[in-house]
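Next up: a single chain in structure tokens, the form predicted alone.
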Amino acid sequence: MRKLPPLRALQVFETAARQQHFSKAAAELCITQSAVSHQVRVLEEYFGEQLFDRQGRKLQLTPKGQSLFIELERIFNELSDLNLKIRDTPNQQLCLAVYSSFAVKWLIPRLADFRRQYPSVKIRLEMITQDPDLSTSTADIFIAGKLNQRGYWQQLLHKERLIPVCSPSFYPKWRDINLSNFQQQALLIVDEGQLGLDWHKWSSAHQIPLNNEQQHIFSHIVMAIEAAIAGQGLALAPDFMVAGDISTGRLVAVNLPDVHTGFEFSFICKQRRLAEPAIAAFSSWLKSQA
């Protein structure tokens, strides 16, 4: 007869170690935070080892806890795969965590093509505003910044490049806008929080002062793009996000320098899940679109 540790405590510990947070583990497992703490104590008493270092709110695995987590993560992943194999029900429903700007201006207009090619695969979009925790409790697949995390595979989709754009109606002689006169135009500026103001980064990159009297500030790039389409000024926009608007004539690319931000959009999923039919299909389709 096999002698096993308490299985429920193992499940709770693996979740807490993966989330590195007791309250997040409680939310994933639909139990209370005190129940998570109790199950972790049960396991620590069983092994006679401390599995977490608790320093205030900070939670860190001990060396023994890290070793246990690595093996448990592998075992639970294999059990999940075995469950799908035995039931012969490959997962055809995927939750995709994706930046809202990328989703609205690039992904959503193209999703109809994916659905035509793979009608059995259902994609649920979960909008994010910053790089997410890579975890199956967050989503199955991700479109986010470049994140190097053990056990995850990533595919580069696009290196962000900002280009100045405006509506043809904003300035009928838009072809004449250049470095010598663009400061007479209204700027549509995006405040990116800790990253700063986009036009200010453009100014620093090219060592060109901004003396524009009219500067309208937005909290999101999609708002700035829509304002540009409405003829309210010059916006800096990721080239891939405004390609469709430029091709339809709603926007025009102004003869001003671009700027590379260094940000990279990547498709990310767990390495072990890459061969799943639904994920493989979505990855292949994304590659054809990028």
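Here the rigid core means the biggest group of C-alpha atoms that line up within 1.5 Å when the two forms are laid on top of each other. This structure is a prediction, so every number in the text was calculated from the model and none was measured. Position 1 is the first residue in the sequence shown; the rest follow in order.
Note that the form predicted together with another copy of the chain isn't included here; everything after this is about it.
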Proximity to another copy of the chain in the predicted bound form (heavy atom, within 4.5 Å), stretch among 123-131, 70-78, 209-217, 158-166: 70-78
Quick one: does N83 come within 4.5 Å of another copy of the chain in the predicted bound form, counting heavy atoms only? yes
With the partner left out here, check for me: in the predicted bound form, does some heavy atom of Q117 sit within 4.5 Å of another copy of the chain? yes
Interface membership of D239, another copy of the chain in the predicted bound form, 4.5 Å heavy atom rule: no
Please check if S284 has a heavy atom lying within 4.5 Å of any heavy atom of another copy of the chain in the predicted bound form. yes
Name the single residue among R250, K64, H38, R54 that comes within 4.5 Å of another copy of the chain in the predicted bound form, judging by heavy atoms. K64
Just to make sure I understand: among 215-249, which residues lie within 4.5 Å of another copy of the chain in the predicted bound form, judging by heavy atoms? none
Quick check: A230 between the shown form and the other one - does its CA shift reach 2 Å or more after fitting the rigid core? no
Quick one: core overlaid, is F263 moving 2 Å or more at the Cα between the shown form and the other one? no
Yes/no, E276 Cα shift of 2 Å or more between the shown form and the other one with rigid core fixed: no
